[in-house]
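As a starting point, one isolated chain is supplied in structure tokens, in the form predicted on its own.
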């Protein structure tokens, strides 16, 4: 969610159990403004909080004009001092999946994973190989995975310019109440995956400027999102069942929307058996 109205926006996800203390709100409002100016970002978002055993990680993201490309992730343990996380590479993300259990709260902590070395024939040899994974790398990988899997925006909130840049749509006035009740009105904020597989007939009714991302109704498994109206029809919230703790909110008829994740950073792999 946008850091500029954090003290007000955080109340929209309060019904999902996401709250900040007055001290944390005051510290974040000040430190995120300093982070925005020092990093020369177009906008800074409060991403959420990953819970650790000893300490929690507060996460913020700074973005440029093109919000999908120029994105940097920061973490803090006291809401005041921010450290830059390394960008999550494909190799780093694969290696981070080997680390099991909760985060400790210490960025320098190293997880150890032991596996049997395989010979050229594919059989397991007697030697063991120990792989060390830094918690800082794992934190960056989990944030990137959550963004890829569940970070969403309302349809037409962003537009794609002819030169390929993705900018916020200044003409966006919010979804209507009827539109906000449909999963097809929300899109994954990432490069399209399912859109490439659609036929020309299915793409015929799409607007290239706003329909350049995948919608939630195409998600597998079906039923991985919980959509609810609150305050009559004055607020709609979507909760992810794949990453428990991710909540998206939108006030129908206005340009106000945002999302936040507060959880232990573990994916709900049992979801297909729970539906």
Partner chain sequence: MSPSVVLHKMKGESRKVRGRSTVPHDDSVSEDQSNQSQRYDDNEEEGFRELPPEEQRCVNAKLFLMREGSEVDGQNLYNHLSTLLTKILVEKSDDALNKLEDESKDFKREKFTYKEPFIKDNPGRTPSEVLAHAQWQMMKTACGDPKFIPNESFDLPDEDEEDIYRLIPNLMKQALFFEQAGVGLPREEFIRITTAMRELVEKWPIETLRFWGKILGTRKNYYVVEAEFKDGEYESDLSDDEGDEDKSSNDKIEDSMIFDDESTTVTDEIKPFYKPPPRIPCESMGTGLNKHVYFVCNEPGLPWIRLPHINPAQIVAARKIRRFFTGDLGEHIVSHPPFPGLEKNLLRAQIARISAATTVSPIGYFRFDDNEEEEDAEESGSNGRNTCIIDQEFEGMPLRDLCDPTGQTWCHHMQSVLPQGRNTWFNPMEGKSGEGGEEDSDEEERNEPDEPEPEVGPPLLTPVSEDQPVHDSPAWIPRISSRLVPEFAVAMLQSNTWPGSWTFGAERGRYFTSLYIGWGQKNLGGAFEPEIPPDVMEEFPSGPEITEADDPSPEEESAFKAALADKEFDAEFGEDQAEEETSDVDD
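Treat the numbers as computed from the prediction; the structure is a model and nothing was measured. Numbering follows the first chain given and starts at 1.
Beyond what is shown, the protein has a form predicted together with the partner chain; the following relates to that form.
### Query
Quick check: do 18, 54 and 268 each get a heavy atom within 4.5 Å of the partner chain in the predicted bound form?
Yes: 18, 54 and 268 each sit within 4.5 Å of the partner chain in the predicted bound form.
### Query
Does residue 78 reach the partner chain in the predicted bound form if we count a contact as any heavy atom within 4.5 Å?
Yes, residue 78 is a contact residue.
### Query
Does residue 234 make contact with the partner chain in the predicted bound form, using a 4.5 Å heavy atom cut-off?
So residue 234 counts as contacting the partner chain.
### Query
Are any of the heavy atoms in residue 217 no more than 4.5 Å from a heavy atom of the partner chain in the predicted bound form?
Flag for residue 217 set to no.
### Message
Check residue 24 for me: does it contact the partner chain in the predicted bound form (non-hydrogen atoms, 4.5 angstroms)?
### Response
Yes.
#### Entry: Stretch in contact in the predicted bound form with the partner chain, which is absent here, among 40-48, 62-70, 208-216, 222-230 (heavy atoms within 4.5 Å)
Stretch 222-230 is the one.
### Residue (of 161, 171, 132, 100) lying close to the partner chain in the predicted bound form, criterion heavy atoms within 4.5 Å
Partner contact (heavy atom, 4.5 Å) among the options: 100.
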